[in-house]
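Presented below, as structure tokens, is a lone chain in the form predicted on its own.
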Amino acid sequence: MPSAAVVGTGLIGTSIALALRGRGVTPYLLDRNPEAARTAAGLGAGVVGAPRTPVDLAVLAVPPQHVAATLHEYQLLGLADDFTDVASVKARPQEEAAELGCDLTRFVGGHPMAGREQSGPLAAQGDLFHGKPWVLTPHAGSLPRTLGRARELAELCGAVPVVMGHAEHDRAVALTSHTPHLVASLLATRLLHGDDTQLRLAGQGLRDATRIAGGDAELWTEIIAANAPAVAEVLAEFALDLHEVVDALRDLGAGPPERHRAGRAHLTTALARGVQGRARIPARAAGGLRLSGVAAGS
């Protein structure tokens, strides 16, 4: 990939640009906020401004609700031969791009499954994507060249390409990313009601469980809102599980012995199922990931 452009120089866009620089590619950096692009360039991520001739691939590192409009704008401007994005929701941007009349043969959706709780170019890391899944969501009309360049981008960044359908991706991230962020935020909200004496007892477990709650609230509102139906479905099921645990705890705290036994059994079941669920998270393996249900690099 001799040439590339990155539109949006926040955490993900700048991290991609840094990774490409490390592989000998000098990206052109564009951002609605010129200071952000200059900051990214100052970190060695590329050069500020549009290229004189179309680059091979443009990476749209913008929030989900801006993907379609940004794609439409830069296709009309002739920024690149091919386009991809890194938004964490895929179905709605694809539909909106079709409605705007974008050339979807030259666009393949993408989503690197990596991030940090910090935001902005100063939080970027060139190795952010190493060994992480990078989902690609082509559609029936995508050109093989476009898919190949999107795959090459993921590989240049050290990630593992994973091809999925748009809706399949959105259901997956609702379970593995969006709902966990909401749950961590709701748990962290409870800390607002604790006094200083209580909070001084906080240990690493609480810090681990609430770490992602430190993410940018406005950005995460945009992400979760774009995938609202899938997130609501997972969160509703979580709420049912939570309600059962609350009932079990109340049984343990009051009532006759048989209710104590039932409450203890329900609590043990909930904790045991948590152990089983966590064990299903794929472990990293040398040279990539062991992924269940999807084809890495397919």
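Each residue number is its position in the shown sequence, starting from 1. Everything numeric in this text was worked out from a predicted model, so none of it was measured.
Although not depicted, the form predicted together with another copy of the chain is the subject of the following passage.
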Please name which of the stretches 246-254, 50-58, 66-74, 34-42 has residues with heavy atoms lying within 4.5 Å of another copy of the chain in the predicted complex.
-> 246-254
Do G120 and another copy of the chain share at least one heavy atom pair within 4.5 Å in the predicted complex?
-> no
Is E222 close enough to another copy of the chain in the predicted complex to count, meaning some heavy atom within 4.5 Å?
-> yes
Using heavy atoms and a 4.5 Å limit, would one call G22 a contact residue for another copy of the chain in the predicted complex?
-> no
Touches another copy of the chain in the predicted complex: P144 (any heavy atom, 4.5 Å) = no
Sequence-ordered list of residues in 105-122 near another copy of the chain in the predicted complex, where near means a heavy atom within 4.5 Å = M113
